[in-house]
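A single chain comes next, written as structure tokens; it is the form predicted alone.
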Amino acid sequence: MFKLLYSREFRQKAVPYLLIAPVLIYYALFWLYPVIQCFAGSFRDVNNKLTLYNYAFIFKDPTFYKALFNTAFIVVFSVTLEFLAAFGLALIINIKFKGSGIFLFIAMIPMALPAVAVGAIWSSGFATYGWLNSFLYYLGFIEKTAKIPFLAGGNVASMILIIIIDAWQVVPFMMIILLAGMQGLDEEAKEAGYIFGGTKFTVLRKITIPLLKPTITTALILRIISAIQIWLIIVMIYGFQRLPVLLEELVYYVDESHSMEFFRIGIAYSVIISIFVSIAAVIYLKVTGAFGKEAEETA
């Protein structure tokens, strides 16, 4: 046994596991353990007894289904539209035209702003006497007495407004990821496509996009996760539960001013949100073929 432990072959095999052991211990203590505690706590009442009341309350609450629909609407449309916009901007900047560096710097400014600042900027802008109506008046688009009620629209109009605000902040984030991937591509592959008679669109569709697939996958998964976290901007502009989303409901129920019963419901909300995020990520990876590619490389 001791000879085996001190053998060179054993040490070579054991070194990688020893190097990652601190990371595994860290995640076990500060991620896995809290997750297990949270999951177990979602099935407990205020007296620490097993119950399904927390989940029953959520699934009977009509606000939950509104929040689920709004979250899905924002995720699907914002991720799709923002990816297309970010991909187009990345293609333009990758040309490296004169002034592209300045354009990139200006485009990155919204990305550096925290969600609180973004919410404050647009909340003051969309107010009846906010800076946006004043700006439109000075440009001559509206009369002084004719104010546009930006925040008076219905549910769909409000979500479209949120998607526009979110795109203003998040498109630069996706653009940077895609631009980094484009700049790391092998130029010889694209040149070969042009040599064999390919047009710019053909090279983009059959060479550039397939080579960018890992980068696109990473950008979209990160975007899906951040799209679910848009609640703070919504709350700052519309307030709680006027345009409910899942994470907003979680924050509402875990508020310290509420009872322990509400806090337990909030824990159940966190479990549901985690499951939805995981399912969305797995479905996307399955659709994009990431699992199949990994399986082929492993084989």
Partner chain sequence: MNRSVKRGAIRAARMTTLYIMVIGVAMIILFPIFFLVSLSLMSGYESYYEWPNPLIPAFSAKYKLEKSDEGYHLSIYNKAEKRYERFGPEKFGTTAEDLEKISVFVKRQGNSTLKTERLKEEISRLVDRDEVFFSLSKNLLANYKVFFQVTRDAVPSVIRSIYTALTTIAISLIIGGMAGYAFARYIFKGRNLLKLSVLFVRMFPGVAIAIPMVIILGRIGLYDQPLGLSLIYSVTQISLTIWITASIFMAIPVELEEAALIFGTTKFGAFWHVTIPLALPGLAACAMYSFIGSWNEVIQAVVLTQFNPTFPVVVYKVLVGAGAQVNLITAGSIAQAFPAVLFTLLIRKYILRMWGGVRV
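Positions refer to the first chain, counted from 1. Computed from a predicted structure; not experimentally measured.
There is also a form predicted together with the partner chain; it is not shown, and the following applies to it.
Asks: Select, from the options 222-230, 67-75, 152-160, 201-209, the stretch whose residues sit within 4.5 angstroms of the partner chain in the predicted complex by heavy atom distance.
Replies: Flagged stretch: 222-230.
Asks: Just checking whether residue 194 would be counted as a contact of the partner chain in the predicted complex - the rule being heavy atoms within 4.5 angstroms.
Replies: Residue 194 lies outside the contact set for the partner chain.
Asks: I'd like to know if residue 59 sits close to the partner chain in the predicted complex, meaning any non-hydrogen atom pair within 4.5 angstroms.
Replies: Close contact is absent here: in the predicted complex, residue 59 is far from the partner chain, nothing within 4.5 Å, heavy atoms only.
Asks: Examine residue 122 and determine whether its closest non-hydrogen atom to the partner chain in the predicted complex is within 4.5 angstroms.
Replies: Although the partner chain is absent here, residue 122 would touch it in the predicted complex, with heavy atoms inside 4.5 Å.
Asks: With heavy atoms only and a cut-off of 4.5 Å, decide whether residue 80 touches the partner chain in the predicted complex.
Replies: No - in the predicted complex, heavy atoms of residue 80 and the partner chain never come within 4.5 Å of each other.
Asks: Would you give me the residues of 94-120 that have any heavy atom within 4.5 Å of the partner chain in the predicted complex, in order from first to last?
Replies: If the 4.5 Å heavy-atom criterion is applied to the partner chain in the predicted complex, 94-120 yields 95, 97, 98, 101, 103, 104, 105, 106, 107, 108, 109, 110, 112, 113, 114, 116, 117, 120.
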